[in-house]
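As a starting point, one isolated chain is supplied in structure tokens, in the form predicted on its own.
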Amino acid sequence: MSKILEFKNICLTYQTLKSETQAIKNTTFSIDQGEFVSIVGPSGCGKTTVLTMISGLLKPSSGEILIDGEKVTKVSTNVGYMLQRDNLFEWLTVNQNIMIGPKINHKKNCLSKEKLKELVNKYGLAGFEKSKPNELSGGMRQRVSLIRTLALNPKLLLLDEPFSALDYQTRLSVQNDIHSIIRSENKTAILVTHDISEAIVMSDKIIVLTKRPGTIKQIINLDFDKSLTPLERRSDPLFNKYFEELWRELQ
């Protein structure tokens, strides 16, 4: 498989007039095309900071980040960023929310009306094209948010705790939905989460960071049957094995 992301010997230090804080230290990893990777670690270890640097919103103090062999120097539409909240515009319809990315980036033609209709139908939003976000369930809102992120056809998806605002039952269902969409669209994704179970059921591999300054403590490759959904993984015998391994690493 070809590497889509290379994170090479990255360090990041926050500086103020009075002090400096090292957030990330000598961190190196790579992600292959089509992989789903989760990043876990103690609070404050720099998980979201890693995503922010990959997105180009924050520059590392040293090291380099490559996407498809090109150095990240600025924000790019090659990267889609899905945040904790869906951040849908309440006054816009489902279709209008999905099209906001192409509109802002002056790329309306990258998502044709036919492709928009196909995505809306494929992912259970048919009949809600003209609905406003307050008329949708939490799970449907998250699907709209993901389709909006996919509208610019990014090479890499960054997911920053996108399920944390949902109740437990909805969360399980939406994990299945999002995982299915990302797989069917053949996208590469990085998920930041505090939830060990979530990392296990969603991922091909899990990167464990140390406490601050964050660096790689362990990378765990998961060996589930690829056909299993996140919900089905929870009842697989491997689930408990990986949970215990991750729990030990995070203590």
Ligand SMILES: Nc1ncnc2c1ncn2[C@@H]1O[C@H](COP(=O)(O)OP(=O)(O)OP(=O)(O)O)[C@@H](O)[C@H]1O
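If you're wondering where the values come from, they're calculated on a predicted model, not measured in any experiment. Numbers follow the displayed sequence, beginning with 1. By rigid core we mean the largest C-alpha set that fits within 1.5 Å across both forms.
Same protein, other form: the form predicted together with this ligand, not shown, and the subject of what follows.
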{"item": "Listed residue that, although this ligand is not shown, lies within 4.5 Å of it in the predicted bound form (heavy atoms), from Cys45, Ile207, Ala189, Ile200", "value": "Cys45"}
{"item": "Candidate site Glu6, Thr28 and Leu157: all three near this ligand in the predicted bound form by heavy atom within 4.5 Å", "value": "no"}
{"item": "Heavy atom of Thr49 within 4.5 Å of this ligand in the predicted bound form", "value": "yes"}
{"item": "Partner contact for Arg183 in the predicted bound form: this ligand, 4.5 angstroms, heavy atom", "value": "no"}
{"item": "Partner contact for Asp86 in the predicted bound form: this ligand, 4.5 angstroms, heavy atom", "value": "no"}
{"item": "Partner proximity in the predicted bound form: Thr21 to this ligand, non-hydrogen atom cutoff 4.5 Å", "value": "yes"}
{"item": "Residues in 168 to 205 close to this ligand in the predicted bound form, defined by a heavy atom within 4.5 Å, in order", "value": "His194"}
{"item": "Rigid core fit then Ser235 CA moved by 2 Å or more between the shown form and the other one", "value": "no"}
